[in-house]
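Listed next as structure tokens is one chain, alone, in the form predicted alone.
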Amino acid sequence: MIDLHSHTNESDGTFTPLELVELAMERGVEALAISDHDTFAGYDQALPEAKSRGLDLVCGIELSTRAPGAGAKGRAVHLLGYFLRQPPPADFRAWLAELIEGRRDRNRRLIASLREKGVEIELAEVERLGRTLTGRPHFARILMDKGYAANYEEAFRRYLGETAPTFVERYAPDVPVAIRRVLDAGGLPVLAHPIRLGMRDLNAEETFIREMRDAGLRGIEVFHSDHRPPDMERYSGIARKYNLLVTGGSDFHGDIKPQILLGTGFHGNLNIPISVLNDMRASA
């Protein structure tokens, strides 16, 4: 059993990198990818412990991007990048620093938007929670602690989600640009949890994936906690049709999503074999 999609508290998870390594060992995970949002801080911290414990730790990243083109223009797309043969180079890390600064700019504007609506919140208190990368889940935690929301769902519905009156957009690169960045850095670009594209028209969904393949996409996350068996079957078929690698992971976040367990996903819907990672390494 492997898990190629997990998050630490260096992005929007609740486990420290060392705690995540310990959990992987406890749950019998053979190989683990830390794929924090826009940062390698969690992976960097976890690597020495993983080596000492004999855990196969894969270097990953999850990038927030936007879809170009008429049909899906502006749609949020999450792109996973896996660095299977060499560590990500300095110029790629420098590009990530630019993305993180874009998040900080959004966070400052989000604070102003919330305060205009009477929500008393300071950026410093959110950043203390967010550490390397402060995102909306950290805002949600503060809103809950201060009594503005009862849970994460309410925090996003009332203040942080795309339909909330105080929502603030942040910069995200077009997905072909991010794909090229990952490729140029020696990585393997993979479309994360395609079900979250939210495309009801399955023909349009397939067309979009094909266009991303043409832009350099190398794989698709077939196995994911959000995917039902028919979804996994459909995405597996698309992967075969367009010669894309099959990947998978739980998208583990810890206490934020307690129903999703490392390795086995949502109510045990995952059992990803090591052959998936072997195929990725052979291709890389």
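Small disclaimer: the values here were computed from a predicted structure and weren't measured. Residues carry their position along the shown sequence, with the first being 1.
Although it is not shown, the form predicted in complex with a small molecule is what the next lines describe.
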query: The small molecule in the predicted complex: contacted by all of H78, G135 and H253, heavy atom 4.5 Å; finding: yes
query: R158, R103, R213, R181 - the one with a heavy atom within 4.5 Å of the small molecule in the predicted complex; finding: R103
query: Sole residue of Y148, Y152, F208, F92 within 4.5 Å of the small molecule in the predicted complex, by heavy atom; finding: Y152
query: Contact stretch among 25-33, 253-261, 39-47, 233-241 - heavy atom within 4.5 Å of the small molecule in the predicted complex; finding: 253-261
query: The small molecule contact in the predicted complex: E10, any heavy atom under 4.5 Å; finding: no
query: Contact label in the predicted complex: R170 to the small molecule, heavy atom within 4.5 Å; finding: yes
